[in-house]
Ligand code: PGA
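Just the one chain here, the form predicted alone, laid out as structure tokens.
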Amino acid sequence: MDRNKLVFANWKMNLDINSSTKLIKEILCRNLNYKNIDVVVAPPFVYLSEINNMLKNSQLRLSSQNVFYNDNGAFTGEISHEMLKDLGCEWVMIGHSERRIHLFETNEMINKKIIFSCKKDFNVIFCIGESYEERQKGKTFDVIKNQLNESLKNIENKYLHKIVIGYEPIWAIGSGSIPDLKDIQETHNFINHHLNEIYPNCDNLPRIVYGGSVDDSNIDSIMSLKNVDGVLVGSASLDCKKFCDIVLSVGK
């Protein structure tokens, strides 16, 4: 099945209102062709409304960096899907390793968020990945298999086309270097194979994108790999030229 490639920009906890709007203006001025590609930006929560206003009538899509798994209630500091809809979001990012590490998110919590997001008609980028120690011990596939099994538990086939798997080896995030292409290829092949095992009768399996020190210098080699449907971009998404060059490369 032919599917669009994806470029997902995770701004993390960076930029202020002036630099955020400046970056979006610069990207929009490039008039990029998004015919065969989905391009999504995930700014900090506090700038979603302002950036949503700028993205109207454009092909750029808006995502949050997180979401909660209840509609409302006594959940101080959290944000609901209905609130995100009011802010123009169509996407949510769930399970990023930085939230797993610093905020102790579990596969069970991530599973609840994915189920709730799908039922609320959001697109989901669901992040998985192993630590350096786990890779050194040869546990990469075990870790990823467990993350997929527990986090996708009870997800119905009809929702799978709305989910994107974001493979990010934790040790590569922000390091400036990516794993060997052979390792990326083997891991994406494993993810694809295991998704087929979990959902043997599904024709709309999740896309699989790579993340971890993606930039304009390595994007072509990453996108040359089989079962790589796009990229999750961190620091390079804060630079207009680098980010637009990545979009152009993915959209070739």
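Start at 1 with the first residue shown and count on from there. Keep in mind that this is a model prediction, so the values were computed, not measured.
Missing here is the form predicted in complex with ligand PGA; even so, the following discussion is about that form.
Chemist: Decide whether Glu134 counts as a contact residue for ligand PGA in the predicted complex under a heavy atom distance cut-off of 4.5 Å.
Modeler: No - in the predicted complex, heavy atoms of Glu134 and ligand PGA never come within 4.5 Å of each other.
Chemist: Is there a heavy atom of Gly138 no more than 4.5 Å from a heavy atom of ligand PGA in the predicted complex?
Modeler: Judged by the heavy-atom cut-off of 4.5 Å, Gly138 is well away from ligand PGA in the predicted complex.
Chemist: Would Gly73 count as a contact of ligand PGA in the predicted complex, using a 4.5 angstroms cut-off between non-hydrogen atoms?
Modeler: Output for Gly73 is no: heavy atoms all beyond 4.5 Å of ligand PGA.
Chemist: According to a 4.5 angstroms non-hydrogen atom cut-off, is Ser235 in contact with ligand PGA in the predicted complex?
Modeler: Yes, Ser235 sits close enough to ligand PGA in the predicted complex that at least one of its heavy atoms falls within 4.5 Å.
Chemist: Can you pick the one in Val92, Ile163, Leu152, Ile173 that has a heavy atom within 4.5 Å of ligand PGA in the predicted complex?
Modeler: The option sitting close enough to the partner is Ile173.
Chemist: Would you mind picking out the stretch of 116-124, 141-149, 73-81, 93-101 that comes within 4.5 angstroms of ligand PGA in the predicted complex, counting non-hydrogen atoms?
Modeler: It is the stretch 93-101.
Chemist: Give, in sequence order, every residue of 142-171 that has a heavy atom within 4.5 Å of ligand PGA in the predicted complex, or say none if there are no such residues.
Modeler: Counting only heavy atoms within 4.5 Å of ligand PGA in the predicted complex, the single contacting residue of 142-171 is Glu168.
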